[in-house]
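Only one chain is included here, represented as structure tokens and corresponding to the form predicted on its own.
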């Protein structure tokens, strides 16, 4: 399997997801921005905004290559090595506070030394946590994992819980999902199997989100819910700028800033020492995100 084949398939998955999300929104369409990286490669940034469902969302594809940046040389213990990386990355911020934020990423990394690996995952960040809907989402993640390996879901779900943690607040970003990285193929057949799994994760994104949207998009909301939504978006921003590996990788490899920061919402809030009203839905959500799951 060539890296050109992986790159081409990821491009197709980007197309499929954008088409599915436009149908789901029903009003807005993606705007495409093609870009080139100075060090080699480039990508397609697609952004959708001000729709009936999505206030802002991005579905990015990139395929970049070149000399391994200094920061990554130290991390990987490699010098004078060329790299290639390709992937699709998605973040959606909905209009209705009852509809959750969602993130997905699938990626492939290869070095001229011969080492290569896959990574990715899908996680859900509700502004208001509803345990039954969280269970439904996790069942969908388990279903796609179990098609390939029954050991995947327990491992990757825990990995997501550990990774999507805002450590300075001891609070998870959302209700988790699956997260995996450095899945290194041991043979060509193993590489094909991992690649098939990664593509299946990418293609389960739209149906998984559509189910969450159907449950929540028509629920009424007012100023209180929007205020809470903006505060939860603030937590999302904190995680992405402080801890997210993809954001750090993009910045360290001279990536395109607009594409890297596509994950940030148009509006977010940080109120000083905000405390939810006791017994409120906001307090219940915060307690859920702060407990050990």
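Positions refer to the first chain, counted from 1. What you see is a predicted model; the values in this text were computed from it and never measured.
Another form exists, predicted together with a further copy of the same chain; not displayed. Remarks below refer to it.
Across the options 167-175, 123-131, 215-223, 185-193, residues that bring heavy atoms within 4.5 Å of a further copy of the same chain in the predicted complex belong to 167-175. a further copy of the same chain is not drawn, but in the predicted complex it has no heavy atom within 4.5 Å of residue 41. Residue contact with a further copy of the same chain in the predicted complex: residue 256 places a heavy atom within 4.5 Å of it. In the predicted complex, at least one heavy atom of residue 265 sits within 4.5 Å of a further copy of the same chain. Though the partner is left out of this view, residue 12 does not reach within 4.5 Å of a further copy of the same chain in the predicted complex, counting heavy atoms only.
Residues of 224-249 that come within 4.5 Å of a further copy of the same chain in the predicted complex, judged by any heavy atom, are 237, 238, 241, 242 in sequence order.
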